[in-house]
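Below you will find one chain, with nothing else, as structure tokens; this is the form predicted alone, and questions on how it binds or moves follow later.
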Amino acid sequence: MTTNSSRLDDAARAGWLYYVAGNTQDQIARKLNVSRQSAQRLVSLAVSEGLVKVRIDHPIAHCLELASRLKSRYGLDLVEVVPSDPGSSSTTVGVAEAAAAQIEQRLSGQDPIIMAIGTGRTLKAAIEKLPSMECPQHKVVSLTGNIAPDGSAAFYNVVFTMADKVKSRSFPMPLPVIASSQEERALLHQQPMIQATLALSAKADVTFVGIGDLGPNAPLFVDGFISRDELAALNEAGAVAEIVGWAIDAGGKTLEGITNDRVASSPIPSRKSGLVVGIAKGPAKLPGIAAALAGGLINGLITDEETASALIGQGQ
């Protein structure tokens, strides 16, 4: 039984590497340390056993164990750990597919829900993988502004893409991601339309957010929302990550001052009133994921097995 289960685990992993991560059979053979013929047989087994549909439909034992441990340690309501591709540097492969499945599942329900959506590369990749759906009973609200510093539409704001995909009622946040001053943010937030959107986001039943790093290639800096000096000031103040623009320290606390005085985003919805799912993987994201967990900012997590293992290893 154990041998057969292990064989199916290997087949599921090979199937994931082939159908999701796009590896060739030669690459799979190298990554699993088997012959090319064995890799081919494992992929075939994944198909014949019904493990391969649109997604891998098999719970890989190691991923399940990691998910269970993370759920118990941090008191989470949802944890999904996807296999890691040892040869890939992508920060979206695997987690984007898993996030898309979670979003689709919730939008498939008939009871109306409010879904809040963050921004970023991982969420954009997830939304692009959603099938076309008809969901007029649901409301999808953006947590963050959709205007870039030059006045153009922010490229990684996903609410419009999602509205086109799922045909739900959508509520964008027609604001800059980061206002030019505290006074401008206060003025913008006083507008009735914005107040209604902020109130709606606070009532979200489920929220999906990316976790952005604040390293040298921080998305907020690369995409032009903050300057290099502001990034340096955030690092000096102890910021390790940002969620919908809000910079947080290693304990998950929102920093005072610096760019947070001008963030136009909605506050991150409370995990006390709904499910708040962070979607992120990789070494650069690890400090931010750990901070979000430590601060109780999220009660759901979608990540990969390497990141999950690192999270489990912290504090041991």
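Quick note: we count residues from 1 along the sequence shown, nothing fancier. Values in this document were obtained by computation on a predicted structure and should not be read as measured data. Rigid core here is just the name for the largest C-alpha set that superposes within 1.5 Å across the two forms.
A second form of this protein, the form predicted in complex with the DNA, is not displayed here; the remarks below concern that form.
For the residues 41, 31, 262, 271, the 4.5 Å heavy atom test against the DNA in the model of the complex is passed only by 41.
Contact annotation: residue 25 falls within 4.5 Å of the DNA in the model of the complex, judged by heavy atom distances. The shortest heavy atom separation between residue 37 and the DNA in the model of the complex is within 4.5 Å. Once both forms are fitted on their core, the CA shift for residue 271 between the shown form and the other one remains under 2 Å. Once both forms are fitted on their core, the CA shift for residue 68 between the shown form and the other one remains under 2 Å. Relative to the superposed core, residue 43 shifts its CA atom by 2 Å or more between the shown form and the other one. In summary, the C-alpha positions of residue 281 and residue 47 converge in the model of the complex, ending up at least 3 angstroms nearer each other than in this conformation. Panel note: the distance between the CA atoms of residue 28 and residue 281 is larger in the model of the complex than in this form, the difference being 3 Å or more.
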